[in-house]
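Just one chain follows, in the form predicted alone, and it is written as structure tokens.
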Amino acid sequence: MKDTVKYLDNSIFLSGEINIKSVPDISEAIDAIFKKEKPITVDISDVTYLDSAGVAFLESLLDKIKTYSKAAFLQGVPEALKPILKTFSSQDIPLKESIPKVGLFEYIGSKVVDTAEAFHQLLIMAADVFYWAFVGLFNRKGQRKGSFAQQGVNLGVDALPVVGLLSLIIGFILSLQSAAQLRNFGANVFIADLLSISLVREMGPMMTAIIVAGRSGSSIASEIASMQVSEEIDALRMMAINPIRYVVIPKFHAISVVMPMLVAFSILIGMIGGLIIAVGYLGLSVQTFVSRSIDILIMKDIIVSFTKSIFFAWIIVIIGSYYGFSVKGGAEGVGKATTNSVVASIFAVIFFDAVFSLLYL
């Protein structure tokens, strides 16, 4: 049995045939090893034959190792023996497989390649969406009847309460913090100028986009991801229906219309929150606050604000759709796709808001 059973570095190496005839001799040799050593791993890479008795023997050997070790491993299982182990094993035997170590530069390189590939797929998705969105303006074939109105309600009307509430609080807090400083310099009247500029050019579009990304962007990603997992997207393709044209374009058209309205509503409610502070804390009149808020704005500010809102709306739909279509796995994959879409959308909104600020400062 010396040629069949060997011990080296806490591992027992078996070779040859392990069957009902050879098991007693192998067991005797291994018992001699256990008297002196405490092996953890059993290597059968050189085993040529294995029957049910051999599988039972290996299981008992691993159980014996587990009496003094937290884990016992069976490694080097030949491909020809794996079906035999799977058939006759009464328990799941953990197979210790050597996992190659990935170096730092390999890890960074793989991440760069994966990111570049994902960005390439995102650009392809964006091109398809813009193309079919333009075609859909003149030919509504391939879209459900009434889908535009339905998506307008889901993405716009249903978002009004949360947008209004948060905008009121943001306007209130922004005015309160600014008023405390302006009051020290006797510049109470400038609270209207500060609030009007900040809400119209920055806070209104950006905060509304972030709210919509968290609310509606997650809804878009989860809906498409659920359709992808349940194979509804494949069913649409089998019926010669373009999934982007059928699922995404109604959302794209609807959010392009409702997003500027949501931004205008957010700015108005935010100004009301500032008005409360201006009148109650700084002693300004309503007329003074309203007149200065309007006089300080120019047409460029309004154009930039609504341009931002439409651009942010497109970003939210495209990113949400991309993560929805690229989902993998079941319910867990849907959750990951939804989370990733919200994070990516918010990051993109903030990044492009900074770009717009640099371009139109």
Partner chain sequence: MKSINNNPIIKVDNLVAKYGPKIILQDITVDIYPNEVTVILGGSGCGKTTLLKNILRLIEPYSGSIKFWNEEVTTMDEYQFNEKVLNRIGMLFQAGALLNSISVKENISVPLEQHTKLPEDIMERIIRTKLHLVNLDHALELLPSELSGGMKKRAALARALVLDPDILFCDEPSAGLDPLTSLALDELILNLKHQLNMTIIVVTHELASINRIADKIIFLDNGRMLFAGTLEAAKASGIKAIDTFFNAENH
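Numbering follows the first chain given and starts at 1. Note that the coordinates shown come from a computational prediction; the quantities given were computed from them, not determined experimentally.
Another form exists, predicted together with the partner chain; not displayed. Remarks below refer to it.
Only one segment in the set 184-192, 238-246, 167-175, 68-76 has residues whose heavy atoms sit within 4.5 Å of the partner chain in the predicted bound form; it is 238-246.
Looking at Asp158, you'd find every heavy atom of it more than 4.5 angstroms from the partner chain in the predicted bound form. None of the heavy atoms of Lys82 is located within 4.5 Å of the partner chain in the predicted bound form. Although the partner is absent here, Gln121 sits far enough away that none of its heavy atoms falls within 4.5 Å of the partner chain in the predicted bound form. In the predicted bound form, none of the heavy atoms of Lys111 sits within 4.5 Å of a heavy atom of the partner chain. Distance criterion of 4.5 Å from any heavy atom to the partner chain in the predicted bound form singles out Gln143 from the list Asn154, Ser198, Ser218, Gln143. For the partner-free chain shown, nothing in 267-281 comes within 4.5 angstroms of the partner chain in the predicted bound form, judged by any non-hydrogen atom.
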